[in-house]
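Next comes just one chain, in structure tokens: the form predicted on its own.
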């Protein structure tokens, strides 16, 4: 007998079940029936919580994107960086650490994108993926510049878009070849390039100490 719980809690449980199925078996396997089996609930429970598979799919995509964006922004420490280049190297190192331990979720984001783009009703899901990722990249770049006292010489949105496209490509190639060392080297090189797109400045801590 299915345990009763608030609808929002049940939806969250079903999204977690969908994530477990999709990450291990692929997005195509995340059918309503398979998700119900994974969650240990009756098929009717899924239909009660979600109008159809597309609504469940959209909720799954939102869950993954939000979690990856949150994970990528946690644990960033710029205290040891003396300039923007150092801050960016610290940022890409932390970012790659997150990517490496979430291979299944990374692969799933690409599956979600292509699946959503094939269905006009789901295009908004793909757009949200990139809107959230772009905002996270812009926030990280702004923090790095602020920590080092630097200023971007190009619009932050442009730099963030370029960074997101590069990280996207590096991640996809890593999913194919599994060469983590090469991926880290590419990201380090890109971090060095990004540092040339800003005016250097002194760290805020040093400015305060001098005042």
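Note that the coordinates shown come from a computational prediction; the quantities given were computed from them, not determined experimentally. Numbering follows the first chain given and starts at 1.
The form predicted in complex with another copy of the chain exists for this protein as well; it is not shown, and the discussion that follows is about that form.
- In the predicted complex, residue 114 approaches another copy of the chain with a heavy atom inside 4.5 Å.
- A residue is said to contact a partner when one of its heavy atoms sits within 4.5 Å of a partner heavy atom; residue 198 fails this definition for another copy of the chain in the predicted complex, lying far away.
- Shown alone here, residue 161 lies within 4.5 Å of another copy of the chain in the predicted complex, counting heavy atoms only.
- By the criterion of a heavy atom within 4.5 Å, residue 156 is excluded from the residues contacting another copy of the chain in the predicted complex.
- Out of the listed residues 45, 172, 142, 58, 172 is the one that sits within 4.5 Å of another copy of the chain in the predicted complex by at least one heavy atom.
- This chain lacks the partner; the member of 151, 51, 176, 181 within 4.5 angstroms of another copy of the chain in the predicted complex by a non-hydrogen atom is 176.
- Residues 103, 104, 107, 108, 110, 111, 113, 114, 117, 118, 123, 126, 127, 130 are the ones in 102-131 with at least one heavy atom within 4.5 Å of another copy of the chain in the predicted complex, listed in sequence order.
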